[in-house]
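One chain comes next, on its own, written out as structure tokens in the form predicted alone.
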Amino acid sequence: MRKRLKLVMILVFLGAVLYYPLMEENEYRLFVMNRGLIHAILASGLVFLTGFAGQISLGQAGFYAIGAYTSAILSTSYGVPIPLSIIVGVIFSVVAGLVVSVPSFNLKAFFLSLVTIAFGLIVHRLIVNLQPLTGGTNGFFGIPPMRWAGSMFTSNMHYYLFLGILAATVVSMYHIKRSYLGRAMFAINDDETAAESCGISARKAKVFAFAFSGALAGLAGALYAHFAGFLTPEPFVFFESSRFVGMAVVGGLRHLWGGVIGGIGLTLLPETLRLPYAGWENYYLLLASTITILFVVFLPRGLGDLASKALDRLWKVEGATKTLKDATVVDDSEAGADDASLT
């Protein structure tokens, strides 16, 4: 019964996720959901970097921007096919991740965070100042949209594409987490000195973590470029980097689904609070930020951990009920046997 209930819940959840764009009539809400899926991909990379490997990054907007502008420039100015331009954008982000990983060999915590902040600021200033290449503050327009069989992607097609990439991201993280490299990263996160004394190479683990995280951020940026159709420097400022960190923390840094829950949840939260009342537009973002702070304070392990515990408790209650019933049946049969022997 417990396995059947679990299977039914999973099937209902998957059905709702897959059916959502078909029943959503509001194009803006579907647009926001697609943005949430992109943010979930990026936030999953932060969960991998910070939650698994213990490395702090407050410059993810820099990797996000590299992937976005690389793919946009190649596809628009040089006519490179979109899939290839996205791959090149991811490669450039991986290279940037490898470069940023070098200071992590000797720097930790606060000092490493300053390096990543500086990286994000450098990328942002390059976007603003290299106006002939990036459009600067005027924006980069005319980015070609993704197409299938000659037709431009619809909102539903974007949804299923982003959902598939996000699912592949979670599956990849799951297998890495259970591999030797994943266990090595968790060991380094808990105690780097003890891990190295056991023969684990902290440098290799950190390099891989930064490269993987940078790849996901670059992929998210490239997808966003062709999804939005234009780029401006605003989505790549330091505030966005801190927002991505907030998504990972609220979702749960040590939980596999933390980036998914936090990325989608914190993207939808402000839109959910945007109510049609006069003057409310000045306060709904303040309320959204307050709710985020409350999540961090009262749920430091994240919503992913809370959801996991709730599901585990549900399975255990069901299992305990079944065990109690079995024990009652056994006791009744034994009591009947004793009565028969006395007779």
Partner chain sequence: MLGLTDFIQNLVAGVSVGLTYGLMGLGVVFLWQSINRINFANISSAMLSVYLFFLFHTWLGLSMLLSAVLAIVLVAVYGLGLRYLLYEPITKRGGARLEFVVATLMLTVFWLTLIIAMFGGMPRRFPPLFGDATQFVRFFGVGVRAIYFYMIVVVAVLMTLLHVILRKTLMGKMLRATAQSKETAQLMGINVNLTANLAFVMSTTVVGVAGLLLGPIYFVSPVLGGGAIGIKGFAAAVMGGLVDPYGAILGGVVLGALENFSTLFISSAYRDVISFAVIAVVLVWKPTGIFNWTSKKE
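Positions refer to the first chain, counted from 1. Here the structure is a predicted model, which is why all the values come from computation and not from measurement.
Quick note: we don't show the form predicted together with its partner chain, though the next part is all about it.
Is residue 103 close enough to touch its partner chain in the predicted bound form, meaning at least one heavy atom pair within 4.5 Å?
Residue 103: yes, in contact with its partner chain in the predicted bound form.
Can residue 125 be called a contact residue for its partner chain in the predicted bound form at 4.5 Å between heavy atoms?
Residue 125: contacts its partner chain in the predicted bound form.
So, residue 293 and its partner chain: in the predicted bound form, are they within 4.5 Å at any heavy atom pair?
Result yes; residue 293 sits at the interface with its partner chain in the predicted bound form.
Would residue 70 sit within 4.5 Å of its partner chain in the predicted bound form, counting heavy atoms only?
It does not: once its partner chain is placed as it appears in the predicted bound form, residue 70 has no heavy atom within 4.5 Å of it.
Within 4.5 Å, heavy atoms only, one stretch in 74-82, 129-137, 158-166, 142-150 touches its partner chain in the predicted bound form. Which?
Among the candidates, contact is made by 129-137.
Could you work out which of 253, 260, 223, 209 is the residue within 4.5 angstroms of its partner chain in the predicted bound form, going by heavy atoms?
Exactly one listed residue reaches within 4.5 Å, namely 253.
So which bits of 23-50 sit within 4.5 Å of its partner chain in the predicted bound form, heavy atoms only?
Contacting residue: only 50.
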